[in-house]
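In structure tokens, the next block holds one chain alone, the form predicted alone.
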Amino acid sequence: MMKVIFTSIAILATTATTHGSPEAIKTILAVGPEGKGNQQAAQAWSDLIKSDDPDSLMMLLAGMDNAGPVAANWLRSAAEVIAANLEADNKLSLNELGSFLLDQGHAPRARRFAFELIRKADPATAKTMVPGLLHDPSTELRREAVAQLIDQASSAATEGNSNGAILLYRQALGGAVEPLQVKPIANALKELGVQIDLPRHFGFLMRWHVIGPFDNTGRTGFDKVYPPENEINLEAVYDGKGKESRWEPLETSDPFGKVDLNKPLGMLKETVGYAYTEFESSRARSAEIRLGCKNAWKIWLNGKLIFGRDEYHRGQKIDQYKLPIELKAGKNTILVKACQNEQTEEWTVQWEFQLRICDATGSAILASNRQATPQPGSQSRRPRRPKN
């Protein structure tokens, strides 16, 4: 394992003159959860920041490629101190930082730090580089390019150049993957007369078959195995909670893909519902399921349990949970289990989820069998409070 971790570090270490830098980085990479190894990491950090060698900075950045969150913080902190010292001595190598930045195999956070150092030392060059980051695999870097295009589009709109603004906003949307940037772009385009298919842009799954309710009295339903977990038979009828449960189709037109189980199953509490869909992939590939849900939930891909959380009403947001998966070529089955608990406060009414398929950058992966996004119908909004 350590051989893999230090592949990139070893390349740089051959020219390093700082005593003990590779070993110090190794010590920091060994930091574990709940403070394990922090004392040793603190000593290693003290040793690292004594360096005035540009190669030590590059070793630290390379070390972040395989670092966990805590270790990455240690390495980033040491890199900041060394970079400041190198800047003061006019020894910072923009060429090496540029090579590191342009190597997309490095950790996004480390590449972002390299870019920040370049921008601080040479703002004009950094600004010129920004447009080339629009489709960078690092969301932290492409955010710069999207923001620059948004500013340019806004200026064009202010100057009365609507066509130019539309083109620039659409170009920005092509690189935008984060809701905080996608939403204002979509709103701006709407004001200019252009509608954006947000569910398609994000890759939300909009058509499902749902079944329920099953019992969750005393929150026992999360662990209880109900028939949909053993078989998917859309013609089957099962004994549910107080009535028969059968599959029925459900599509959502929500711009952010929210699948509301209250609508087909009723305003119920202490219940379990399931949602099933099929995703056709053009090829086998790595991907992510990204879920937003405030109920207890479990997800199965192709019959295999991916993950679950027995937790209620902690809030919901896009990409709340990111689950790495492997799609197979052809049909992939997705089953979601969502549980409602006994609480009846208004803020516990929601029994819903939003799920999308994307790559590691957050760019949508669209199914080859994806249909047109459903349009809003005449169905009224569900009531805010559950019925008695």
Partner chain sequence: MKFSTLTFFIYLTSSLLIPAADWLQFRGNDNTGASTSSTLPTSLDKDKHIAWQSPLPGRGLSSPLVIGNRVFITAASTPDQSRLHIICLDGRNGSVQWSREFWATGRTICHDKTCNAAPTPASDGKHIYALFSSNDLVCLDLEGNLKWFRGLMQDYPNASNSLGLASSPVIADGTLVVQIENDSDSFAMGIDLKNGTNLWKIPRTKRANWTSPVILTGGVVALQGSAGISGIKAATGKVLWTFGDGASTIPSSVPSKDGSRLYVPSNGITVIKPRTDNNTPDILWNQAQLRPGTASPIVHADKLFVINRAGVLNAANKETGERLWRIRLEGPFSSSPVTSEHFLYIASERKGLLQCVDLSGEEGKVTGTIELGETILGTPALSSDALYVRSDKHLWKISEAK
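Residue numbers count along the first chain shown, from 1. By rigid core we mean the largest C-alpha set that fits within 1.5 Å across both forms. Small disclaimer: the values here were computed from a predicted structure and weren't measured.
The same protein also exists as the form predicted together with the partner chain; that form is not shown, yet it is the one meant from here on.
Taken together, E23, P123 and A145 are entirely out of contact with the partner chain in the predicted complex: none brings a heavy atom within 4.5 Å. Contact with the partner chain, judged by heavy atoms within 4.5 Å in the predicted complex, is confined among 231-239, 69-77, 274-282, 98-106 to 69-77.
Taking the partner from the other structure, the partner chain in the predicted complex has no heavy atom within 4.5 Å of any heavy atom of T361. The closest non-hydrogen atom of F256 lies beyond 4.5 Å of the partner chain in the predicted complex. Not displayed here, the partner chain is approached by A42 to within 4.5 Å at the level of heavy atoms in the predicted complex. In the predicted complex, no heavy atom of P324 sits within 4.5 Å of the partner chain. When the partner chain is considered in the predicted complex, only one residue from E251, D260, E116, D151 comes within 4.5 Å through any heavy atom, namely E116. A heavy atom within 4.5 Å of the partner chain in the predicted complex is found for one listed residue only; from R170, H135, K317, R246, this is K317. Residues F307, G308, R309, D310, E311 are the members of 286-311 with a non-hydrogen atom no more than 4.5 angstroms from the partner chain in the predicted complex. Superposed on the core, the two forms differ at V81: its CA moves 2 Å or more between the shown form and the other one.
Relative to the superposed rigid core, the position of the CA of G68 differs between the shown form and the other one by 2 Å or more. Core-superposed comparison between the shown form and the other one: the Cα of K331 travels less than 2 Å.
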